[in-house]
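Only one chain is shown below, in structure tokens, and it's the form predicted on its own.
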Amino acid sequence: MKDLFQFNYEVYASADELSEQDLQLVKAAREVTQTAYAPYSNFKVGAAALLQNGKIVTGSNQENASFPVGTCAERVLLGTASVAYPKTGIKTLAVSYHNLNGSSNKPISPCGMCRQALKEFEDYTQSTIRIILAGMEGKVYVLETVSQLLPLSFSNDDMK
């Protein structure tokens, strides 16, 4: 017998089709790409989150000459949210990017490490994170939960 993982997501032709609240998050994610430190990849990523308490936090990728030391925008955002608003869940997270070496016109998805960190944050705060994936222009994807990005995730329950 084969198991099949499937999930649904919404596709929008552009961010302009989103609700005003979602559009503002995408704009914030796009804007915060300007704070990224990406001299090696020239691939600037920004993330913006609407927290359960109504606050908005942002993060951008921060590279390092010692490549494993760099941190992705999503994990910078999670650290910022955790310190500023402990144990507060994220309602919606928007991720965007500005590729200085090419186009930025299709949705971007978090890397594997960030998928795991986001899933753990969902578990920790007991709150699903709705996620919006975008570029600087073009199509936008909306998923109801980051868990859809990592269906066979490793969790605290696995260590019990």
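The numbering used is simple: start at 1 and walk along the sequence shown. The model shown is predicted, which means the values in this text are computed figures rather than measured ones.
A second form of this protein, the form predicted together with a small molecule, is not displayed here; the remarks below concern that form.
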item	value
Segment that reaches the small molecule in the predicted bound form - one of 26 to 34, 121 to 129, 41 to 49, 99 to 107, heavy atoms within 4.5 Å	41 to 49
Interface membership of Leu78, the small molecule in the predicted bound form, 4.5 Å heavy atom rule	no
Distance check, Ala73 to the small molecule in the predicted bound form, heavy atom within 4.5 Å	yes
In the predicted bound form, Cys111 touching the small molecule (heavy atom, 4.5 Å)	yes
